[in-house]
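Just the one chain here, the form predicted alone, laid out as C-alpha cells.
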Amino acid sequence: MVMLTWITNKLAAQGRGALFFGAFVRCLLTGRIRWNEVFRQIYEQGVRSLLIVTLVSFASGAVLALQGQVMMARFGAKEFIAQLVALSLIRELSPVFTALVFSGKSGAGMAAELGSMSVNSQIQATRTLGVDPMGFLVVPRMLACLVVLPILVVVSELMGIFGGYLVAIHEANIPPVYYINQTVQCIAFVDFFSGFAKVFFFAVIIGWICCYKGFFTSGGSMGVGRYTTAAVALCYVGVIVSNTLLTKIILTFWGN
C-alpha cells in the first residue's frame, strides 16, 4: 500500500511537471512577455554565476594542461597540449561544468525565490489580482536561463583555454604563437556544435526543474530549503544524463 501510494505520488508529480512546462510554452506563444523582467533576470543570473564559472573554468584548463604535459611528455607529444585542452573544454567540460555551477548558483536562487513566494501565498495573490503567475514569474526566469547559460559557456571556454595557455607556455615551454595556432586549427565546427548545442537543453532542464520546484513549494521555511535542495539535485542528474544521451546522438549523426 505504501509503495502504491509512493508510485502514485511520483506519477502525479511527473504529470504536474509536464503540465507546468506546457503552460510555459502556451505563455510564450501568446507573446505577452515581460521583457523588462527578462533583462533583470539575465543580469541577476549572469552576474551571480560569472565569477565562479570563471574560476572553475580557468582552473579546469590549467589542470588539463598540467596533466596533459605529464602524460604526453612520456610519448614525446607535448606539443599537442593545446588540442587536448581546447577539444576537452569545448566538446564536454565547459558545457557540463557551467551547467552544474549555474544550477547550484542561479538555479538554487530561482527555486528559493519562487519557493518563498509560494509559502508566503504571494503566488496565489497574483492570481487573485487577475495576473497569470506563469507569465509574471516563471517565463522571465526560464527565458533568462536560455540567454545566460550559452553566454556563460562561451566565457567558460575562453577562460579554460586561457588557463591551459598560461600553464603550457610557462610549464611546458611551448611558444605562445604555436599554442594559439594549434588551438585555432584544431577546433572544427562539429567540435563547437557538439558542445554548444547541449547548452540549450541544459538551460531548459535547469529552468524547468528549478521554477517547477519553487512554484509548488510547501511546508514553510523548512520546505523552501528542502525543495531548493531537491531542485539542484534533480538539475545535476538531468544535466549529466541528458549530456550522455545528447553526446551519443551528436556523435552518431555528426561524426566523432
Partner chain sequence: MIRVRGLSKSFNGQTVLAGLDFDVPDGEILAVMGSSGTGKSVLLLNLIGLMPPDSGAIEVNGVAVTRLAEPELLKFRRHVGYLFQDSALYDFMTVEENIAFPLREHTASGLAVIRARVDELLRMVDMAGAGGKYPSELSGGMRKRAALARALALGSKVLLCDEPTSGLDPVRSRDISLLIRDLSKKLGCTTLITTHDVRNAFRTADRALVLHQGRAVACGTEQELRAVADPFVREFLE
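Positions refer to the first chain, counted from 1. Computed from a prediction, not measured in an experiment: that's the story for all the values here.
There is also a form predicted together with the partner chain; it is not shown, and the following applies to it.
Exactly one of the stretches 123 to 131, 167 to 175, 150 to 158, 101 to 109 approaches the partner chain in the predicted complex with heavy atoms within 4.5 Å, and it is 123 to 131. Mapping the unseen interface onto this chain, M117 counts among the residues with a heavy atom inside 4.5 Å of the partner chain in the predicted complex. None of the heavy atoms of R226 is located within 4.5 Å of the partner chain in the predicted complex. The partner chain in the predicted complex comes within 4.5 Å of a heavy atom belonging to R32. Using a 4.5 angstroms limit between non-hydrogen atoms, R40 touches the partner chain in the predicted complex.
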